[in-house]
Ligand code: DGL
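Next up is one chain by itself, shown in structure tokens, the form predicted on its own.
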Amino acid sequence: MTVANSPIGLFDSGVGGLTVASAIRSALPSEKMIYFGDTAHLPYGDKSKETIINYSIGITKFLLEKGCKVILIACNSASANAFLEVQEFAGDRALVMNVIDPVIDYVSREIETKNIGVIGTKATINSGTYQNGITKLNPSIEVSSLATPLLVPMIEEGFIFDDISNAIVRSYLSRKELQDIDSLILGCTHYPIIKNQISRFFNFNVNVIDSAKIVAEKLRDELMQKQLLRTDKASGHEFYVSDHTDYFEIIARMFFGEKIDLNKVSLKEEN
């Protein structure tokens, strides 16, 4: 197998990265993906930087052993806290990408916004990655950040479009930090699952930015530039989890429109 025909590896703490995987399938239909959901350790957002790095390196090792040409960190918490370490660990064995830098570049250069909000996990927001990156590229943009730690476990437990999720979403989005925004970055790959719920809270008057399509298009551009686009049709995607959850299978089927075979792998065995 040539390098170009090797798979794209991506990982997240749970189901969130499936939003990115779905966008990649649309943008790059010939590519094969190997997805790892670290469901045994979710959410990453309340973990220390050192712990997130440890988990990310373990998964990267697994994906490299699978022969992946790309390691895409499809998790904002891991992107904010472990990108450089994953990049160093992978070396020249794979192209390493995160889900934050493409969004920062897009927001700073491509859209007209004066006041932008960012919601994400504690690990992502506390890192300051979005705020620092956007301000550096476009100092005229006012960035307001808010940690929304209950959203990931809410989504992972399947509380969507019900009274519980509506109350949590309303509680967060009504905070003063988000009062005057005209755009909102969903700084967690889980959040696009409730994008319509978030947009509805703002009466569809706020531009809600979903990173999945932006990241998929950036990946396509990188593969084209490096001549790493697959030259044949992929036979099928592979899905791995560190702990089996019924909801993961439901969400995966929702995004891919077919039955998904999950393979359980212990990260401890890979470290």
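Residue numbers here begin at 1 and follow the sequence given. In this text, all values refer to a predicted model and were calculated from it rather than measured experimentally.
One more form of this protein, predicted in complex with this ligand, exists but is not displayed; see below.
Only one segment in the set 134-142, 196-204, 69-77, 168-176 has residues whose heavy atoms sit within 4.5 Å of this ligand in the model of the complex; it is 69-77. In the model of the complex, this ligand sits beyond 4.5 Å of every heavy atom of G37. Among heavy atoms of P43, some come within 4.5 Å of this ligand in the model of the complex. Put simply, I155 is far from this ligand in the model of the complex: not one heavy atom of it is within 4.5 Å. Along 121-141, these residues reach a heavy atom to within 4.5 Å of this ligand in the model of the complex: T121, T124.
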